[in-house]
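Starting off, we have a lone chain in the form predicted alone, written out as structure tokens.
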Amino acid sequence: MERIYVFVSGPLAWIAWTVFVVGSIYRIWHLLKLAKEKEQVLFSYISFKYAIRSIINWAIPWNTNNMRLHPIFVGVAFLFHIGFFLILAFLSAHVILLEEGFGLGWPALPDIVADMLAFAVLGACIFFAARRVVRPEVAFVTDWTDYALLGLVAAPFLTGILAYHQWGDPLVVTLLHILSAELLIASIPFTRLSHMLFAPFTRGYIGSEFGMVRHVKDW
């Protein structure tokens, strides 16, 4: 078991991050290539000003008309995304790993705050799953892959909570935490989680079209 742990926390981690980085670069390159081939006029009216304006306004909770139509969902979604990235970047265990591996470091979240955020992210995943069951318009377009993806996202947080509170065998739980996190990282470019890569391009394109061509706000 210890040899498995060393492999998972070492070489396999590098493999997961390499797949993520290379896969992300390829997906973004492929997106831009297709856009250039199929929509040659697209790049002619991309505006940095209107793209940034749109991205900023859509990054503010309940700031758009569409968001205000779904206030609870938007609140949970923002809580999920904020919690996800705060834990990824500022969890004390993650910061320690960066310091030990690369000599990089910054202030970490207090453990109690990180624990609360992990529970919040896990709760958000449950909310998203329940919404796919109870909302007919969402259930209609939902299949098993949506639940599998939610499970993939939830797994690192569930196992992280178990590891932090020492519920279960510490080595097994930690191993499952690392494995689930690496699987999540490697899958991002090749699943619907890739929206985190494409969102700035999509929002920037829409913002440019509305601002430069239609001369209206897109929020």
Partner chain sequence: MTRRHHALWLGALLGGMVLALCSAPAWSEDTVLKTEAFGTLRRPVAIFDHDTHNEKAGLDDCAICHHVYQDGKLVKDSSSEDQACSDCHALKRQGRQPGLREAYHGACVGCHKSKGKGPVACGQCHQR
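Residue numbers count along the first chain shown, from 1. These numbers were taken from a predicted model, which means no experiment stands behind them.
Another form, the form predicted together with its partner chain, is not on view; read the next lines as being about it.
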Problem set entry | Partner-contacting position among L109, A89, M116, A129 - heavy atom within 4.5 Å of its partner chain in the predicted bound form | L109
For this session: Give a yes or no for H165: in the predicted bound form, does one of its heavy atoms lie within 4.5 Å of a heavy atom belonging to its partner chain?
Result: yes
Exercise. Is I96 a contact residue for its partner chain in the predicted bound form, using a 4.5 Å heavy atom cut-off?
Worked result: yes
Exercise. Could you tell me if T159 has a non-hydrogen atom within 4.5 Å of its partner chain in the predicted bound form?
Worked result: no
Exercise. In the predicted bound form, does I52 have a heavy atom within 4.5 Å of its partner chain?
Worked result: no
Exercise. Taking its partner chain in the predicted bound form, which residues along 182-216 bring a heavy atom to within 4.5 Å of it?
Worked result: none
